[in-house]
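Below you will find one chain, with nothing else, as structure tokens; this is the form predicted alone, and questions on how it binds or moves follow later.
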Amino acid sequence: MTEPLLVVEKLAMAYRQSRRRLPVLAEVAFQAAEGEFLCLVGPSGCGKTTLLRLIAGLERPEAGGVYLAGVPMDRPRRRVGFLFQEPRLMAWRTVAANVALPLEISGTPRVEVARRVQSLLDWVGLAGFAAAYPAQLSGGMAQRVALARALVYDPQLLLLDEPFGALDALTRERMAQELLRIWQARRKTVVMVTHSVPEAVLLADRVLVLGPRPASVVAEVNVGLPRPRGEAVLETPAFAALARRVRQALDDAV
């Protein structure tokens, strides 16, 4: 059997608030195969973002560990891309310059920077907007720029923290389809947090349900719908049945 790319091993985490200890995660454990798309759902405030930050090496757990291809994620590494809830673009830099920033910081030669940036802007459908500034972009376009920036190092693992949560419903649906298209082409391992059950079922190979704080994985739903998946799958009985299973697991957890 192929070894998993990502191993999350009994993660426990708590924060300090004044003199109080606030437990957030309790022995969260799961694995992800190379090229697998996982979605995490759970009650608001249960620690989903904290979990992504631990996987990325941005924080250290109280107990447990995270391993990517056998390497401990004890610090941020280029093999992990992170797309936050907000695009976090620099207003004074063009679209191309925002995508290029990580490469510039690492000292990548200019010719290689230009090649990678152009390739990624083509992939995310922004080839004609390289010279535009963030203020000239819609919310969906800004998130595409942020996605291109997260992919600029060609990471093994892509972490998505509710990336479409601030978008209107129609744009969110379109961005989900765009994400599926990009994932289908590049087949990165993805762990994505979402509050939308239909979005989770549409995108994921597996949906992991977290319980209330301190959170642990309380249910796993294997999606199993054939790929590629278009909008028509949303109207099928199989999709509806899977969404009901995820919602029932959420209801049982709280």
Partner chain sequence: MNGSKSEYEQERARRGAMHWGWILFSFVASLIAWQGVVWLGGYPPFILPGPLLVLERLAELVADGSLWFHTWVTLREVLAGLGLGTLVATILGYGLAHSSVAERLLSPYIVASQSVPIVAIAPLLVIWFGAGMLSKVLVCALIVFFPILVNTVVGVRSVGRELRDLMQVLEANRWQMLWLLEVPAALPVLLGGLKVGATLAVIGAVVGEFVASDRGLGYLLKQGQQLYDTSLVFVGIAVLVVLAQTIYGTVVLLERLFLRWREA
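Residue numbers count along the first chain shown, from 1. Here the structure is a predicted model, which means the values were calculated and not measured.
There is another form of this protein, the form predicted in complex with the partner chain, and it is not shown here; the text below is about that form.
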| query | finding |
| --- | --- |
| Residue contact check: Arg181 to the partner chain in the predicted bound form, 4.5 Å heavy atom | no |
| is_contact(Ala26, the partner chain) in the predicted bound form, heavy atom dist at most 4.5 Å | no |
| Heavy atom of Arg149 within 4.5 Å of the partner chain in the predicted bound form | yes |
| Partner proximity in the predicted bound form: Ser138 to the partner chain, non-hydrogen atom cutoff 4.5 Å | no |
| The partner chain: the contacting residue among Asp122, Asp168, Asp154, Glu104 in the predicted bound form [heavy atom, 4.5 Å] | Glu104 |
| Listed residue that, although the partner chain is not shown, lies within 4.5 Å of it in the predicted bound form (heavy atoms), from Arg229, Arg213, Lys188, Arg53 | Arg53 |
| All of Glu59, Arg75 and Phe84 within 4.5 Å of the partner chain in the predicted bound form, heavy atom check | yes |
| Residue stretch of 173-181, 109-117, 128-136, 160-168 approaching the partner chain in the predicted bound form, non-hydrogen atom distance within 4.5 Å | 128-136 |
| In the predicted bound form: members of 171-201 within 4.5 Å of the partner chain, any heavy atom | none |
